[in-house]
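The chain below stands alone, shown as structure tokens; this is the form predicted alone.
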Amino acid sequence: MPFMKRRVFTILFLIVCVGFIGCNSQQQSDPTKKTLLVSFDGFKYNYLQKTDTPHFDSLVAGGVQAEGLIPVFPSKTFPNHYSIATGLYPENSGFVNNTMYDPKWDEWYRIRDREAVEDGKWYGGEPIWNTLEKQGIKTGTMFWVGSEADIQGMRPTHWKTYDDDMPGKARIDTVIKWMTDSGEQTVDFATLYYSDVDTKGHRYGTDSDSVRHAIERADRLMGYLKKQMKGESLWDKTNIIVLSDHGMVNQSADKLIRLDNIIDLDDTKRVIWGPATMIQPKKGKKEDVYQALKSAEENYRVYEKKELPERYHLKNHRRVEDIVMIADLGYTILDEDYQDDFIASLPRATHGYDNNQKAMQAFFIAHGPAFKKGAKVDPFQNIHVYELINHLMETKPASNDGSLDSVKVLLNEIPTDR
């Protein structure tokens, strides 16, 4: 090959290589496609009305707010955070409660059991960080249900073991570092999680000064987040979704359902307590237990597992016990051993009730280049958030129960069918 031709060929080859490298780098981290998902646990749909929240208000004014975010049933923390991450109802994700027993494995899952929490076998479906990582997008999870476990043989690029004592600002600083790292580990999707509002709601009740102060602290964190993101030129090009997992309702000493007054607890193998109490009768005792509960049905509803209404999306999983009691809003199912402690600790609040109850709805705000500005929309189910994030990141979602059509009202441009 003549010298000049070889030289031209070499130059063209280098140009192509540089272009290819540039394209590959862009695929790894696209500064125009970043999404941040933030959860304030237990932040009820109307909590912004309880106190001054200038930073949340600014977010709403420049973005879109839903009148409520409808949780999955039961309206508990772990099932809902994992449904947000996967777009799956509990019977399809396997996350049917905060505490659950798997009869196939003869094993328990409890949210304070670190071995279970970090064991990927409990987590069905495909969480959003896996979906994105599979398609070349780096992710970072600053606490999220499931993100500490090896699911599908994968983990986020960056993740942290849950530490409730980690300061709120430090969590933000870490995520900002992940999103601005100049190396190959730069993330384009990240999560943040805070439990303070939920903790104060449980301990002191929804109308307490403690909850109001927790809301104000959450607001200041949003102000700090905005300041730090602006300092790193992230604010205007990042789509931010701020939400919660469920609402909250106060309990009272005159709204008690004494289970031991209705059935003989010795006839049960397991009782998983809560507003949705799941009962596994001993062999041969199922009909006796069910009929006793049915004949005394007041301030609760009782179902055999197979009769659970379809809208709960719960009955088709082995981790749901054979009988399910669902307390009316604000009622507590307990036994005599716990009654005195419960009454002594009032006022307090909880969640886990029927997800059709308005009091169980969480809040939802979205802000960024993809979202409408100054808009209010009707409540929608949280399972659609997974599809929404995939749309923002231009990725293909895994099989899920959500629908982009259900949240396109949030967006500046109506998405076309994938």
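Start at 1 and count along the sequence shown; that's the residue number. If you're wondering where the values come from, they're calculated on a predicted model, not measured in any experiment.
Not on display, but discussed next: the form predicted in complex with a small molecule.
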Contact flag, Tyr193 vs the small molecule in the model of the complex, heavy atom cut 4.5 Å: yes
Touches the small molecule in the model of the complex: Gln251 (any heavy atom, 4.5 Å): no
Exercise: Phe78 in contact with the small molecule in the model of the complex, heavy atom 4.5 Å: yes
4.5 Å heavy atom contact, Lys227 to the small molecule in the model of the complex: no
Candidate from Glu310, Asp209, Asp164, Asp340 lying within 4.5 Å of the small molecule in the model of the complex - any heavy atom: Asp164
Contact residue in the model of the complex, chosen from Glu126, Asp188, Glu148, Glu91 - any heavy atom within 4.5 Å of the small molecule: Glu148
Heavy atom of each of Ala370, Glu387 and Asn412 within 4.5 Å of the small molecule in the model of the complex: no
Interface stretch in the model of the complex with the small molecule - options 112 to 120, 286 to 294, 129 to 137, 323 to 331, non-hydrogen atom within 4.5 Å: 112 to 120
